[in-house]
Every structure is written in C-alpha cells, then in structure tokens.
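What follows is a single chain, given as structure tokens, in the form predicted on its own.
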C-alpha cells in the first residue's frame, strides 16, 4: 500500500500537468482569432516647428487619433498597449521612429476611441533633417495575453509632410 505522502505527490503532479495542458490548449486556441483593427490618425495642425539652439529640429503637432481595436480582445486578452509613432528616413539612418502618443487599453469596452491631443512626447530630430520631410504615422499595438505569447502588429498611414520653413 502506498503512503499518504506518495498519493498526495501523485495527485499534485497530475493536477499540475493537467493545468499546464489546459493553459497550452487555451493559448493555442487564441491563435484562431483573426483580428481586423482599424485606425486613423490625422495631423490637425503643426503648432510649432523650430530649430533648437543645439541645431536639432523640434515639432509640436495636434493629432486626432481614432481607432477601433475591439477585435484584438478575446477571452485571453489582459490589455493592449498602443502607440502612434512618426517614421521617416534621414541620410544618417534609414529608419527613424519617434513615439508621439501612447496608451493602455484595459478592456474591450474602451477599445473604440477617438481623442484629440498634441504629441505627448517631443518630436525631435538630431540635426536639421525635418524641413519638408515626408513621414508616416504608424499605430503600433502589443496584445498582452493572460497566458501565452505576446503579439504585436501595426497599421501604417502614409502621406504626411512637414513644412519647408520653421514656424
């Protein structure tokens, strides 16, 4: 006959194995979701565009950020981190990314939003490379699940240009 300790150990091991198997199946089932988020970012105004004393360009702009990220939420989604970045190239770097705004969406009820804001973070380029520069606004999101692997994706919006002269 087996002792109480041996039986308790076998039961605990079996329970943990079943729990791990259920978590793995749950995590894999989340891959069946094919989200279709939508986003639109509009530059409403260039508030100011200046050359700082150290020679760097700095831009402040008013943005309208509208998005519907409800399809990113499943039973396994804990929260979604979302941010808008300006992306452009310079002779020194093929890709420059500057975060302009970010937010955390904790629930599906808050995943459809429209906000009017100025850039939350400073849009600065090292050097005088921004005059007349074309740039993209890209909305990135990172889905943080309750269990399983974190996923990320983005929507790129093209066709933006900074002024040729400082304001």
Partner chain sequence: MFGQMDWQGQKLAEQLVQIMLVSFAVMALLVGYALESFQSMMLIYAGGVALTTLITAPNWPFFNRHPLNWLDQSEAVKHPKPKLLRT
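Positions refer to the first chain, counted from 1. Bear in mind that the values here come from a model prediction, so they are computed numbers and not experimental data. We call the rigid core whatever largest set of C-alpha positions still superposes within 1.5 Å between the two forms.
Omitted from view is the form predicted together with its partner chain, to which the following refers.
Colleague: Contact between residue 96 and its partner chain in the predicted bound form at 4.5 Å, heavy atoms?
Modeller: Residue 96: no contact with its partner chain in the predicted bound form.
Colleague: Can residue 115 be called a contact residue for its partner chain in the predicted bound form at 4.5 Å between heavy atoms?
Modeller: No.
Colleague: Heavy atom to heavy atom, is residue 26 within 4.5 Å of its partner chain in the predicted bound form?
Modeller: Looking in the predicted bound form, residue contacts with its partner chain include residue 26, since a heavy atom lies within 4.5 Å.
Colleague: Is residue 146 close to its partner chain in the predicted bound form, meaning a heavy atom pair under 4.5 Å apart or at it?
Modeller: Residue-level check for residue 146: yes, a contact with its partner chain.
Colleague: Would its partner chain in the predicted bound form be within 4.5 angstroms of a non-hydrogen atom of every residue among 7, 15 and 19?
Modeller: Yes, the whole candidate spot contacts its partner chain.
Colleague: At a 4.5 angstroms cut-off on non-hydrogen atoms, which residues of 59-89 are near its partner chain in the predicted bound form? List them in order.
Modeller: Residues within 4.5 Å: 75, 76.
Colleague: Aligning on the rigid core, do we see the C-alpha of residue 13 shift 2 angstroms or more between this form and the one not shown?
Modeller: Residue 13 C-alpha, core-superposed: shift of 2 Å or more.
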